[in-house]
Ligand SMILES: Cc1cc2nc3c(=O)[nH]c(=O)nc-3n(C[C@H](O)[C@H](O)[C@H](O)COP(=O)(O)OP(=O)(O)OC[C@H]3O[C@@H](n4cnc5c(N)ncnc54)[C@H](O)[C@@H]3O)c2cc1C
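Only one chain is shown below, in structure tokens, and it's the form predicted on its own.
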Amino acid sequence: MSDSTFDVIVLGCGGFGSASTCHLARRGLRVLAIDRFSPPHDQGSSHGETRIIRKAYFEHPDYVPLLKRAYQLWDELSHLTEESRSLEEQKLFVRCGLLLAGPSTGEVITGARQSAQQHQLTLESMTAAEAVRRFPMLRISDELETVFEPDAGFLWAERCVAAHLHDAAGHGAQFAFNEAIKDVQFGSNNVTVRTSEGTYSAACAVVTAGAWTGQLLPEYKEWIQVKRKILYWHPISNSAWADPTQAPAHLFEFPGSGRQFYGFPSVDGRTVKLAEHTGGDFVADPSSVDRMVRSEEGIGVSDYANRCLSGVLGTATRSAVCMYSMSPDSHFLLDRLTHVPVVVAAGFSGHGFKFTSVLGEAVADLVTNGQTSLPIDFLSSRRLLSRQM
């Protein structure tokens, strides 16, 4: 690469890095995005075909205003690069709806209803029997309450990353892919990055390195733990699963254990993707995460398929390993640091991908203006510092 000096260097170019690169480049900044792999790739947290997107956010109502803006940006992105992509590749966001099932006092149902009420969102309540009549491919115990969010659905994860990168390139962004970061030096008004292939400098850096954040910023090491997570693809015997107008995305929370499982309509006509949102094992080094999936690890998801899904076989034919970068309270970390010219977006705790469009915009605001009008104050690491005092 002939250029070595930039306005901004983005470290890590998965979901959040690609979106940040895109929004920064749109503002006319000279941007370099660095990644140790070639995104979109399957080595981090932004792969596996699909991610659920929803507004009635059970994690906390404060996320909802960000989601409203995220929806707008995803729809805009779907049209921005359509001339260079096939009709099928233009589909970034599929609104198939989301069925939530869980105990009436559980996190999922209680939280979704709170967000819907506070922000006037459409959330349809129904009995388990009514839900099964509407979606006969689901099996729902009478002890569970159900709600349906019609404006929810799923994002095509790798396509979203590729679309952000394509738009960023169209606005002049440059990329240093397949380059491992060897060293980063943060000065008071500049950043220098040495990779396996070269040395680059900029006035500012954006750290969107996911599971590797703690290796680049030691102060974040105690705040981010990395979980190994497994995605499974189970064969279907009912063609209705392949019709997003009939088969919704779904998430079940089970009484007592609090375990949460989720899944999608079939996007290939042969399998559905299923996974457990809860659980998972912590790993010390994301670069050496075990990517071999053992048969006993799929027992919980297989049980979920057998108990709650009709026309889905209990044994997976494919699996993939990804990572959750967990913050102490499972909420995101988004800050502009005060002692060095760095913006950090990290700790997305397995529920962040849907926000990449809007938080990429927030990152660009923080880099260019030092602040943003987007409501992100509740995501600042200041909340964690106050706990330590």
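Everything quoted here is computed from the prediction, not taken from an experiment. All residue numbers are counted from 1 along the displayed sequence.
What follows is about the form predicted in complex with this ligand, which we do not show.
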| message | Looking at heavy atoms inside 4.5 Å, which stretch does this ligand contact in the predicted complex, given the options 120-128, 133-141, 236-244, 172-180? | response | 172-180
| message | Although the partner isn't part of this model, could you tell me whether A209 comes within 4.5 Å of this ligand in the predicted complex, counting any heavy atom of the residue? | response | yes
| Do R51 and this ligand share at least one heavy atom pair within 4.5 Å in the predicted complex? | yes
| query | Does S45 reach this ligand in the predicted complex, with heavy atoms at most 4.5 Å apart? | reply | yes
| A56: heavy atom within 4.5 Å of this ligand in the predicted complex? | no
| field | Candidate from A305, I109, L231, C160 lying within 4.5 Å of this ligand in the predicted complex - any heavy atom | value | L231
| in the predicted complex, the residue from H60, R69, H351, R27 that sits within 4.5 Å of this ligand by heavy atoms | H351
| query | For the spot marked by C13, D35 and Y324, is every residue within 4.5 Å of this ligand in the predicted complex through some heavy atom? | reply | yes
